[in-house]
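The data below hold one chain only, encoded as structure tokens and taken in the form predicted on its own.
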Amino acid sequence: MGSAALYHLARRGVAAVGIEQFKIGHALGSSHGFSRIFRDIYYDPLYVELAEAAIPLWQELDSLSRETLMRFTGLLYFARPGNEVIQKSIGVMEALKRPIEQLTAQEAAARFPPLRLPEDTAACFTSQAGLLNVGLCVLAHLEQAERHGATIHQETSVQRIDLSHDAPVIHTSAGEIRCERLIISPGPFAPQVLQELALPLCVTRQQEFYFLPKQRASYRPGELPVFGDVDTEFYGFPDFGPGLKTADDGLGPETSATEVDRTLDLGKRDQLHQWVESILPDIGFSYLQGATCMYTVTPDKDFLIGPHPQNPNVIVAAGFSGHGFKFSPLMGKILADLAADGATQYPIEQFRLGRFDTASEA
């Protein structure tokens, strides 16, 4: 979100500065690696509309990048009959008159030959979905931000932020930076950086595992969609990057960005290995590698976006709850709007910072 905001500010002609505590391209946060899902199906209509608004922004960035960032593979969600989440999501898409196909297990197998779902599976497919090359997306936003004149300070830690004056002062390992407006988008470091706000954020350890199919051509993007088992919360990607990626979208153990255990959970690896071979049974998969990342989750899994209550010249963006990356160019535009204009045309009331403060709500 920070890299996207830097880009959108710089392209508006703002003298924008980005501060990154690690080296650009690091793998110590939540937005690194080879892929993240782009999906247009949600059980909340707001996110369907925001996903649609993000697509042209991704396509624009893609056109400026030297490498492909976004691939429309389609997304296949499936579950056993009676799953409320998938039924509600289908209902929302139909109510909004958005394209969605409902498929039987047999129809899914005919469309995607490697796939073998249980006979009574209820599946749905959306074509305006796929994967984002996440590491390259971040770098593309930063590259374009610099092209428009932004300055980036990497390997620069923020030691303290002084909000006592209208113009925030950032005390860093490289000295002081004074600014008219400040956007704070700290990812899983939000509980520490925004400690004074006592936001109800939970950081969890998440892991992903890659498996190599014997016949890779059948599993490439275009041959196989991104797919998700709504019952188990397991999901997978086509063979992109080092292999076929799998992960568990259920919340992992609570942790912090500074203390996260990056030891791979081999029990979870084995669960995902068994799962992927149960639905893609014709070809054996060999384990390749795994990685750790983090979710920063709010109680309602909605985002946190808005002015800092102690200083209206400071905009906070946090709590993207494991499903936010697909919206990052749009969030960057929204944050740039808020910082430069004080308002945005996009509906973000649902993301207000104070919604968990029962005293203020009363």
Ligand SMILES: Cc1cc2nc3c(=O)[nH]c(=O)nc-3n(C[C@H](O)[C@H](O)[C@H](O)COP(=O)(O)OP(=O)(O)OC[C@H]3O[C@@H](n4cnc5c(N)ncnc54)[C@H](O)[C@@H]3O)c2cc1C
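Model, not experiment: these values are computed from the prediction. Counting begins at 1, following the sequence as shown.
Just so you know, the form predicted in complex with the named molecule exists too; it's not on screen, but the next bit is about it.
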* in the model of the complex, the one of Ile37, Ile315, Leu57, Ala51 near the named molecule [non-hydrogen atom within 4.5 angstroms] -> Ile37
* To do: Identify which of Thr73, Ser185, Gln144, Asn133 has a heavy atom within 4.5 Å of the named molecule in the model of the complex; exactly one of them does.
  => Ser185
* Asked: Phe227, Thr232 and Arg269: each with a heavy atom within 4.5 Å of the named molecule in the model of the complex?
  -> no
* Tell me, yes or no, whether Thr156 is in contact with the named molecule in the model of the complex, where a contact means a heavy atom of each within 4.5 Å. => yes
* 4.5 Å heavy atom contact, Gln206 to the named molecule in the model of the complex -> yes
* To do: Report yes if any heavy atom of Thr298 sits within 4.5 Å of a heavy atom of the named molecule in the model of the complex; otherwise report no.
  => no
* **Contact test in the model of the complex: Gly29 vs the named molecule, heavy atoms, 4.5 Å** => yes
* Which one of these stretches, 185-193, 212-220, 114-122, 282-290, sits within 4.5 Å of the named molecule in the model of the complex when only heavy atoms are counted? -> 185-193
* Asked: Are there residues in 299-330 with a heavy atom within 4.5 Å of the named molecule in the model of the complex, and which are they, in order?
  -> Phe320, Gly322, His323, Gly324, Phe325, Lys326
